[in-house]
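Below sits a lone chain in C-alpha cells, taken as the form predicted alone.
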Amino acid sequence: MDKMPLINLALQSFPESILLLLFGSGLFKRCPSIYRLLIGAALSSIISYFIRRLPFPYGVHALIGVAVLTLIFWLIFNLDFNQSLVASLATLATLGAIEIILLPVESHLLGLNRFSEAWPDPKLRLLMAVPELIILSLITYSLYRANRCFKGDL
C-alpha cells in the first residue's frame, strides 16, 4: 500500500502518464490529440492514485495498471485491443526497466538503504522521479521523431 501525496500525483504521476501514453501510441505510429492525451493521462494517474491506496501486495497495482492502460489505449486512443495490450505491456516494461536501472543508483547517491525510504517524503520522491521522466521523455521524443509525428497532431 502506497499513499502517494497529491503533489506527487500532479507533478509526478500525471506527467509520467502523459509520457507513457505518448510512448505507447508512438509504438504504433499514432499521434493522439492533446485532448485525448490529457484525458487519458488524467484517468491513468487518478486511477493509479486510488489503486495504490488499496491493500494489495506490491506488484498487483502494476497488473491493474496494464489493464487500465490497455483500456485507455483501446477506448480513448482508438488502437485495436491487441495493439492496446502490446502498447501497455511495452510501456510498463520500459518504465520498469528504467526504474530497475535508476532506483538503486539514486538510492545509493541519496544515502537510502531502500528506494521505498523516499516514499514518505514528497520532495525526495519527486526528486527521484526526475531522472526517470527525463529518460522516458528522451526515448519518447526519439520514437516520435523517427515516426515524424510532431507535425501538428499533438
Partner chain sequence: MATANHSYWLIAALLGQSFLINIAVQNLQLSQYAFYKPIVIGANLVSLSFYLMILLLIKKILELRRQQQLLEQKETELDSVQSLLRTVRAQRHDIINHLDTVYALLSLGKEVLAREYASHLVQIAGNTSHLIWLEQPVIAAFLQNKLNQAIAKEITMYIDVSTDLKDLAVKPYALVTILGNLLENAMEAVETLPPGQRQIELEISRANLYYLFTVSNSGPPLDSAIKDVIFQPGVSTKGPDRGLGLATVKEVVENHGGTIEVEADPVTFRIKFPATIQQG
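Numbering follows the first chain given and starts at 1. Source: prediction; values computed, not measured.
In what follows, reference is made to the form predicted together with its partner chain, a form of this protein that is not presented.
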task: Consider the chain as shown here, without its partner, and state which of Lys123, Arg114, Arg53, Lys29 has a heavy atom within 4.5 Å of its partner chain in the predicted bound form.
output: Arg114
message: Counting any non-hydrogen atom inside 4.5 Å, which residue from Ala42, Leu127, Leu109, Ala97 sits next to its partner chain in the predicted bound form?
response: Ala97
query: Is there a heavy atom of Asn78 no more than 4.5 Å from a heavy atom of its partner chain in the predicted bound form?
result: no
message: At 4.5 Å between heavy atoms, is Tyr35 in contact with its partner chain in the predicted bound form?
response: no
query: Looking in the predicted bound form, any heavy atom of Leu63 within 4.5 Å of its partner chain?
result: yes
query: Does Leu85 reach its partner chain in the predicted bound form, with heavy atoms at most 4.5 Å apart?
result: yes
